[in-house]
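Here you get one chain, nothing else, as structure tokens; it is the form predicted on its own.
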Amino acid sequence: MSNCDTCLVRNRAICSALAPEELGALAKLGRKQMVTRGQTLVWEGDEALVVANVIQGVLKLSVSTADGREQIVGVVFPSDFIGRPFGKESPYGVTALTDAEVCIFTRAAFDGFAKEHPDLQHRLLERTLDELDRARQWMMLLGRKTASERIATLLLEISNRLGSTSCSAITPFLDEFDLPMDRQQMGDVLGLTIETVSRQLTKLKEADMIALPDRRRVVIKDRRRLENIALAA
């Protein structure tokens, strides 16, 4: 593995809790891996053999419904942690929405290292609680927000999550970015039909809050108005 000091998410990933010598020991246990768009890193229901930090790119967490359809239950961004330490099976599949790079470890090696480093276990607990809070917020979004409020919330979430890695502390968001998912996947995440997603994006464009240069590219032109819509519920 290359030097962790040059890692793009060094100060935000769970390993940021480690001292330099501890980080060096962890680095020897892992490797960087490229994951191409559409490639599955972890299969739902399989034995949880690996865990990983996301360095670049965006991946989805999904489960299969009783009728065989896919339901997206989460989206992970750079610095997020993937996998189930100390678990036996993966409750969801992990598939790349974009080309991605991950720092990957066998679960057994990572579990053994974490048991010997309480600071890392503490960071894992913090991440787990953060994910729980995010899940509760998403439940509110799906239960109370209108279609336009859901779309605005998702666009701002993507802007902020991608921007926190690539932008300065003064403006920790991106005003222009490529959507990591298509209209159908956005609908799956938000509990909307693809037609509703397209219609709401068009409304935001006509209101001059966003621009859509192509099917993937989004330019946020009026962040304040978009935030007002997202926070309306």
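These numbers come from a predicted model, not from an experiment. The numbering used is simple: start at 1 and walk along the sequence shown.
FYI, the form predicted together with another copy of the chain isn't displayed, but the following is about it.
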Contact test in the model of the complex: Thr65 vs another copy of the chain, heavy atoms, 4.5 Å: yes
Another copy of the chain contact in the model of the complex: Cys4, any heavy atom under 4.5 Å: no
Residue contact check: Ala108 to another copy of the chain in the model of the complex, 4.5 Å heavy atom: no
Contact label in the model of the complex: Glu149 to another copy of the chain, heavy atom within 4.5 Å: yes
4.5 Å heavy atom contact with another copy of the chain in the model of the complex for all of Glu22, Arg37 and Leu156: no
Single option in Ile55, Leu204, Leu61, Val42 placed near another copy of the chain in the model of the complex, where near means a heavy atom within 4.5 Å: Leu61
Answer range among 173-181, 23-31, 186-194, 204-212 for contact with another copy of the chain, defined in the model of the complex as heavy atoms within 4.5 Å: 186-194
Partner contacts for 121-153, taking another copy of the chain in the model of the complex and a 4.5 Å heavy atom cut-off: Gln121, His122, Leu124, Leu125, Glu126, Thr128, Leu129, Asp130, Glu131, Leu132, Asp133, Ala135, Arg136, Gln137, Trp138, Met139, Met140, Leu142, Gly143, Arg144, Lys145, Thr146, Glu149
